[in-house]
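This document starts with two versions of one protein chain, written out as C-alpha cells and named structure 1 and structure 2.
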Structure 1
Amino acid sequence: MMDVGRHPRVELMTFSEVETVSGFVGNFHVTVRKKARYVDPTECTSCEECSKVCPVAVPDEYQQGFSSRKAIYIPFPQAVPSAFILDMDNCLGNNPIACGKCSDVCEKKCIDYDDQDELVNIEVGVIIAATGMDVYDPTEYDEYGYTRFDNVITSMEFERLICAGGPTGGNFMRPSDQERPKRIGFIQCVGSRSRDGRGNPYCSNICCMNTVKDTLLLCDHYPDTESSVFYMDIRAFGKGFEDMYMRSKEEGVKYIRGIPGEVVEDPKTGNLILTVENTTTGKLEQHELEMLVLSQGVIPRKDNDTIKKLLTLSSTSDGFIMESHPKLKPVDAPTKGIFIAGCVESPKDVKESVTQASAAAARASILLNAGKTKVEAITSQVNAELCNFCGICATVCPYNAILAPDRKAKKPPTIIQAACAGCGACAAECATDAITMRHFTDDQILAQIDAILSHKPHEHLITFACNWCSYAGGDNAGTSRLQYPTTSRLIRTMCSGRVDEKFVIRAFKMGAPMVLVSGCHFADCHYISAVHWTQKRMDRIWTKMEKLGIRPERLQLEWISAAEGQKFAKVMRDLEETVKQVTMEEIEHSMKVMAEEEIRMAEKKAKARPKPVAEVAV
C-alpha cells in the first residue's frame, strides 16, 4: 500500500467512499466523497503528542477490541498517509469544544475541528471492483460460548493475539487471566458449509489452511503447546497445501474428525470442556482445553447491495458478485468496462486474489489501450416513428443503457450501444414494438415458432431457453448423455426477459399443447434484474389465459442454471407427461381464442403508436 501511495501515476484516495457512478464503458463519471479527517495529512508528522493528551479511550478495531485507542489515532501501522485521524463520533472537542487538548499541543496546527467532507468528480474509462469481504460473526453458534466465555475467540482474534504487533506485543496469552495457554482447540467450518439456517452453505476456502498455518506457528514458537483441530474434512487443495497439512500432523497436532456439540466452562480454572463425537473411532469424547479458536468463515461485504447498484452488477445465490463467464471471462463483470478481483467475486486466499487482480489489470489495460470497444451485434435499436414516448424501456433496462424519452420535445429514447448487453427486456415490454433487438427480432423468433409447429404441432413442446443458463443446462444434459424426450423444441433467446407475450400467444395459436419459458435463477440472472420482468410478464399471461378459458398449467416457467443438466432433463420428462394429457379439444379452443387475441393485441399496439403527421402539399 505504501508503494501504491508513492507511485507517480496512482492517485490513492484513502478514507473515501464512492457516492455515485454513471456513464458507460470508456466514459464513467464517478463521484467520490473524501471524508473529513480533521487532521491535515500533509502537515501531520505523526509525532503522537496529540494522542498522548487525548482523554478518550475506545476499543481498537484493528486489534479486535483487545486493546484501546484514543479518539485521535492512526488506524493501523502501515496506514497511508501516515498521519493521525480524528474520530469525531468519540471526540470531546467539538460542538461545543469541551476538550481541545490535541489542538493545543499540536505544533503544526494541523487539527481543524471544522473540517468538512469533500466531493470529488473524476472521469475514468474502466472500473475494477476489489472491495474484499467480511468475516462471519459466530455469536449465533451459542453452543460454542463465543462472547459468553472469555477464552473462546475467533481466528481473527487469534491472529492479533499471536502477532508481534498485536495488543500483547507478541506475548501469546489467553484473555481471561493473561496466562499462556498450553492446550488449544480449533473448530473448523464455523459459519461455512452449514445448512441448519445458520451460517452459509458454501465453503469459505481459506479456513482449513489458515488453521494449519496457525498450528505450525504454535509449534514453532511454543513447542510445548498441544493443539487439537476438530473438523469435518480438511480441504488442502492448493500448491504445497497437502505437504503443509502433513507437516502439521508430524509436529504432533491432533486432527479429530468431528464437530463439537457442546462447550462448557470450568468456573474455577476458566478451562473449556468440549463434547464431541469422533466419527473416525465412533466414540463420544471430552476434551479439556485452555483456549478455543473458532475458524470463522468469510461472507460477502455487508454493503454489497450498494456496490451492485452503483456499478450495475449481478450477484450469485451466495451473495458474491457474478462474473460474466466463469471460464472464458472470469474477471469481467456483465456490465462492460467493469472488472472484478479478489474476494468480491468469491472466497479466496492471497495468492488467488493477486492472480485475479493481475488478470483484471491486464483486461482493463487491453480495453484502455485499444481506445475503442467492440459491441456484440445483439444490441437494441429504436424505431422513432413507432415510439409513443412512454419510457417503459428506460425503466426496464437493467444496465441504465437507455436514456428516457422527452415527451414534450418529441425526442425518442436513446440507446447507448456501448452499455447495452442485449437482454431484450426492453423489446419485450415495448407497447408499440418500437424497439428491435438485432439478431433476435420479433419476426425471426415468430418464424421459428411457425416452422416448429408447421408439422404435427400437438406433439411439440415449445421451449424458450435463456442463452446463459437454461440453454446451457440443455447442453449440459446432452453432453452428460442424460435421457429426455425429443418432443421439446428449443428457441434460444439471450435472456428469458426477451420472451414477448405475443410469442406465447403465437405458439398456442399455431397449436402448441404447452409452452415452457426457462431462465436463470432469480439470484443468478446474467442480466441483473431482467428475470424479474419475466416473472411479471408470465403472471400477466397466466391471468389472461384464465380469462380466455385456457388452463394456465399449459404455460410453465422454470429456473434452470447452466450446471443443472439433471434438472433440465427431469423438467423435460415431467412436461412430456403433461403434454400427453392435453386434449385436442383444448388445443383447438386455444388456437381459436389465441388467434382472436393476436388480432386484438395488434390493434391495441397500432392504437398506441403515434399518428403520422400529414404532409402539407407545397
Structure 2
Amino acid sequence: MMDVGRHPRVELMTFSEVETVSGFVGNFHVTVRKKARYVDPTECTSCEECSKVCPVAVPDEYQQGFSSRKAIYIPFPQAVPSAFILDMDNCLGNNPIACGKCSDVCEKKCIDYDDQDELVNIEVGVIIAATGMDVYDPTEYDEYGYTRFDNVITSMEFERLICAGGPTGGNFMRPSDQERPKRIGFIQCVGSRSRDGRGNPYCSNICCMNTVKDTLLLCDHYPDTESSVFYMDIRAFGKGFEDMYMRSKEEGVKYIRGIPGEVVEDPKTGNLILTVENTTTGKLEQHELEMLVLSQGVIPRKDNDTIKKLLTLSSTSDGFIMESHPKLKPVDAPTKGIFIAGCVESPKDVKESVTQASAAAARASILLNAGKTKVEAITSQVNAELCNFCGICATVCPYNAILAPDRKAKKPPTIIQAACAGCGACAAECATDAITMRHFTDDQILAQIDAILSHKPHEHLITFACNWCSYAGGDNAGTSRLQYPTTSRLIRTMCSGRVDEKFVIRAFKMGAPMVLVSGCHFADCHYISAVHWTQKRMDRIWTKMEKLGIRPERLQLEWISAAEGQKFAKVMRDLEETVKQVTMEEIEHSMKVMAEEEIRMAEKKAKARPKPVAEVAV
C-alpha cells in the first residue's frame, strides 16, 4: 500500500466512492466522489495532538470494537495517506462552546470543518474491480452463543486479540475477565458449507488454514495452551499447507472431527461447555474451554450489487462477481475492458489474490499498451429506416452497449460496436426488426429451420442451443458417448436470448411437433443477463400459443451447462417420448394457425415501422 501511495504513476484515491461509470473499453468515464476528510492530508503530519485532546470516544472498528478511538483518528496504522480523518458523525463540531479542540491544537491548521465532498471525473481505458469481501456474522448460529457469551469470539476478533498492534498490545486475554485462556476451541465452517438455510453453501476457502495458523501462533507464544479444532474436513490444499497442518498436529493441537451442537456457559467461571459428536469415534463428548473461536466464513460485499450495476457485471448464485470464463478468462469480466481480482470474484487467500491481481494488471496492460482492441465479429446493427424509436433494445442490452433512441429528434439507437458482445437479445426483442445481427442473421436461422423441416417435419425436434453452454453440453454428451435420439436437430445461436419469437413460429408453421430452447443456467450466462430475456420471451410465447389453441407443452425450455452432457442426453430422450405424443391433427392445426400468425406478425411489424417520408406526404 505504501509503495502504491508513493508510486509516481499511481493516483491513489482513498476514502472515495465510484459514483458513475459510462463508456466502453478504452473510453470509460468515471465519476468519483472524494469524501470530505475535514483534514488536509497534504498538510497533516500525523502528530496526534488533535486526537489527544478530542473528548469523543467511539468503538474502534479496526480493533473489532475491543478498544475505542477518537472522532479524529487514523483508521489503521498502515493507512495511506498517513493522515488523520475527522468522523463528522461523531464529532461535536467546531462550535467553541461544544468543542473545536482539535482545531485549536493543530499547528499546521489543516482541519477544515467546512470541507465538502468533491466529484472528480476521470477518463480511463480499463477498470480492475478488486473490492474485496465481508465476513459472515455468526450471530444466527445461536447454539454457539456468539454475543450471548463474552468468551465466544470470531476469528477476526481473535486476530486483533493476539496481534501485537491489537487492543491489548499483544497480551492475549479473554474478554470476560482479562485472564489468559489456556484451553481454546476453534469451530470451523461457521457460515460456510451450510445446507440448513443459515450461512452459505460454499466453502470459504481460507478459514481452515487461518485456524491452523492461529493454533501454531498459540503454540509458539503460549506453549501451555491447549487448542482443539472442531471440523468437518480440513482443506489444506495449497503449497506447504499440508506441512503446516501436520506441524500443528505435532505441536499437540487436537483435531476433533465433528461440529458442536451446543455451547453453554458456566456462569461462575465464564468457561464454555461444548457438546460435540466425535464422528471418528462415534461418541458424544463434552469439552470445557476457556475461550471459543468461531471460524467465520467469507461473504460477498454488501455493495456488490452496486458494483455490478456500475460495471455491468453479473454474479454467481453465491453473490460473488462472475468471471468471463472460469478456465480461459479467469480475471476478465464479461464486459470488455473490465477485470476482476481478489475476493470480489470468490473467497481466496492472499497468495491467490496477489496472483489474480498480477494477472489482471497484465491483462489490462495488454489492452492499454496496444491502444486498440479487436471488436467482436458478431455484433448488432441498426437499420434506421425501420426503427420506431421504442428503445427496448437499450433496455435489453446487458452491456449498456446501445445508446437509447431519441423519439422526438427521430434519432435511432446507436450501437457501440466496441461494447457489443453479440448476444442478439436486442435483435430478438426488436418489434420492427430494425436491429439485425452480423452473422447468425434471421435469414440464416430461418433457412436452417426450413431446411431441417423440409423432410418428415413431424419426426424432428427443433432445438435452439446457445453456443457457450447448451451446444457445448451437446458436444459433451457426444464425446461422452451418451446415447440420445437422432431425430433432434440443433440450431446454434450465440445466446438463447437470440431466439426470436418468429423462429419458434416458423418451426411450428413448418410442421415441427416440438421446439426446445436451451441456454445457460442464469449463473453461467456468458452475456451477463441476456438469458433473463429468454425466460420472459418464453412466457409471452407460451401465452400466445395457448391463445392460438396450441398446447404450450410443445415448446420446452431447459438450462443446460457445458458440463451437463448427461442432462442434455436425458432431455433429448425425454422429449423424444413427448414428440411421439403429439398427434398429426395437432401438427396440422399449428401449421395452419402459425402460418396465419406469421403473416399477422409481419403486418404488425410493417405497421409499427415509421412511414417513409414520401408515403407521409401522399
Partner chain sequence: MAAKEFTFRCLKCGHEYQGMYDAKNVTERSCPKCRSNSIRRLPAGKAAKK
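Quick caveat: nothing in here was measured; it's all calculated off a predicted structure. Residue numbering: structure 1 sequence, from 1. Each form is matched to the other, and the largest set of C-alpha atoms that superpose within 1.5 Å is called the rigid core.
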Review point. Of structures 1 and 2, which one represents the form predicted on its own?
Key: 1
Check your understanding: Rigid core fitted, then: does G565 show a CA shift of 2 angstroms or greater between structure 1 and structure 2?
Key -> yes
Check your understanding: With the core lined up, does the C-alpha of F76 move 2 Å or more between structure 1 and structure 2?
Key -> no
Check your understanding: Taking the rigid core as reference, does the Cα of F522 move 2 Å or more between structure 1 and structure 2?
Key -> yes
Review point. If you line up the core, how far does the Cα of R407 move between structure 1 and structure 2, in Å?
Key: 2.6
